[in-house]
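Quick setup: one chain, the form predicted alone, written in structure tokens, and binding and motion questions come after.
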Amino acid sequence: MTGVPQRRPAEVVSARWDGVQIRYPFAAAAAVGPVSLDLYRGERLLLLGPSGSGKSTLLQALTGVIPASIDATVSGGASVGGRPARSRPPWGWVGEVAQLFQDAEQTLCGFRVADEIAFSLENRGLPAETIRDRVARAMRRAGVPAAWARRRTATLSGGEKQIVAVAAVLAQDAPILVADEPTAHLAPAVAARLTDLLLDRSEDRTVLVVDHRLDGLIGAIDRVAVLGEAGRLIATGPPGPLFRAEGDRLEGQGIWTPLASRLDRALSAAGLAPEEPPLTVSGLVDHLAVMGPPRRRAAAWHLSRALAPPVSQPPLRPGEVCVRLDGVACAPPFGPVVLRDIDLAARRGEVLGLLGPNGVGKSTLGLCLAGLLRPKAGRRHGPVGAVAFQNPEHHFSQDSARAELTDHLRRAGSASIEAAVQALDRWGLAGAADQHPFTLSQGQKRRLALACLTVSDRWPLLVLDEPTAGLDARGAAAMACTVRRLAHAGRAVAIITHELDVALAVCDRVVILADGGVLAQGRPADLLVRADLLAQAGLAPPAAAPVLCWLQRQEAQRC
């Protein structure tokens, strides 16, 4: 194990997992463990691991949600402040541990927004005036508009629900904060703001976070702990040295590493890396700026190769129009119009990216594009398509992953067990074939939903809503390869995403939405490096933008 820290007397342990191993009913193997891990007071700890390695399971054992609310066999023990987790019911830890679950729906209860944020405080019996003050402060800090206070959370978009869930956790003002994928459905600018808020050093708080969006996060992290594919701890240490030494091994297991780390390793192999491993792409570009011309040219070559898309992209060759929207107005069910005068075509053989801030109407537009939601005005032309929803559980109706795929094949006119098995293997789900879909990890659920929609050629248009949310690096690469394969076969594919690096690598064309309409559309390489345009849309440039701009300057100097 890399860099295992020796416990020092001055370090106070806030939380501990001591040989914890968890096995779900009827499972052939443990979901996680045995794991021994300490969380020190005031520390910012990042927990990484591939999809299905047991990260969320481990977090839910800290306050006894597992096994009190989720049935499982637990050996070893978790403790908070030296007190065993199971010495209290899960709700009994609300004053010590604020927990943000991976799915915002698990944090929220279906109330109005202000009531959601007040819920844990009311359960603790705090004075009404204290609750009002904490709710108002949490809303201000998380950026929850006052106008949302009386809105039902069911009327919010997925990203808006996540913002409210963050506010509810902040309102608890607990000394330990545990956040599981806190930014998965958030636009980059909002994600960066909330990440800064959760990891704020001025707060006397201990933080454990699970996230795959590392590039805006890693600079605030003290230590990284990594679970391997078998659900055991395989590495721990400060982020810079750990990613430089272990990055290739981690990526081999499907574990995300920061872009700066991946580029640093590419330069290290050529003897061009800085002495200290950089944590940000901007820091890496600062190192490039002091190189002499020969070394800059060599660095540019290696960085261009490292930034090449995971799948080859042919130049944009629009095929025939599959679906067209003419002057369309879009509104969610029972909600007001959020987008107007939308003229948009989805073409066969093209991957279209739909980008924009939280709540702008991307998912609503995706439903209209697929023909699952009737426009309030204007016309839609073309066949009905399919949508991969933000919440993958909305797709499942069978009792096993294999049965889900077999059912989709049957509906498409085929009942090939062999095709179902091949699809499970292609999406890295062969080992979960007999599991109930609801027992899979969030990343596995998303892969299964994508596998179901792409296992046949039934749908000429596919709309994928946040397809990389919760996926590990291997799952995201499989998604990218599948999307390009579908487009190459003549499908029209639209991707709704907040991951601008994904849009940059996978999409042929992107549409940026803002202020109730289309702000801009064009090639990703042209639009996604324009900081002014992205700021106008409430977005942030992709993590690769600084080095892409540096490479463009090097190319211009050669010309």
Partner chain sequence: MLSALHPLPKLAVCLAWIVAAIAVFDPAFQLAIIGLAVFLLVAVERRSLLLVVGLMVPFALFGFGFLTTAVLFRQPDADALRVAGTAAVAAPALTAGLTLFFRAIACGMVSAVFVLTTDPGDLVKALMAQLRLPPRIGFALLSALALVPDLGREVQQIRMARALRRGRAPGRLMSPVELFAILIPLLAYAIRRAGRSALAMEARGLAPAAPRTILDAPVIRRRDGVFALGGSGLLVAIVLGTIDASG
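These figures come from a predicted structure and were not determined experimentally. Numbering follows the first chain given and starts at 1.
We do not show the form predicted in complex with the partner chain, though everything after this point is about it.
Colleague: Just one of Gln444, Asn358, Thr406, Thr107 has a heavy atom within 4.5 angstroms of the partner chain in the predicted complex, so which one?
Modeller: Comparing distances to the partner chain in the predicted complex, the residue within 4.5 Å is Thr107.
Colleague: Heavy atom within 4.5 Å of the partner chain in the predicted complex: which of Val483, Leu217, Ala118, Ala451 fits that? Just give me the one.
Modeller: Looking at the other structure, the residue within range turns out to be Ala118.
Colleague: Heavy atoms within 4.5 Å of the partner chain in the predicted complex: does Trp148 have any?
Modeller: Heavy-atom contact with the partner chain at 4.5 Å: absent for Trp148.
Colleague: With the partner left out of view, is Arg137 within 4.5 angstroms of the partner chain in the predicted complex by any non-hydrogen atom?
Modeller: Arg137: no, not in contact with the partner chain in the predicted complex.
Colleague: Is Arg347 close enough to touch the partner chain in the predicted complex, meaning at least one heavy atom pair within 4.5 Å?
Modeller: So Arg347 does not count as contacting the partner chain.
Colleague: Could you confirm whether Arg458 comes within 4.5 Å of the partner chain in the predicted complex, counting heavy atoms only?
Modeller: Taking the distances in the predicted complex, the answer for Arg458 is yes, it comes within 4.5 Å of the partner chain.
Colleague: Only one of these stretches, 238-246, 406-414, 173-181, 139-147, has heavy atoms within 4.5 Å of the partner chain in the predicted complex; which one is it?
Modeller: Result for this chain: 406-414.
Colleague: Is it the case that Trp17, His212 and Gln253 all touch the partner chain in the predicted complex, with a non-hydrogen atom of each within 4.5 angstroms?
Modeller: Heavy-atom distance to the partner chain in the predicted complex: none of the three under 4.5 Å.
Colleague: Just give me the residues of 137-171, first to last, that have a heavy atom within 4.5 Å of the partner chain in the predicted complex.
Modeller: Result: Arg150, Arg152, Ala154, Thr155, Ala168.
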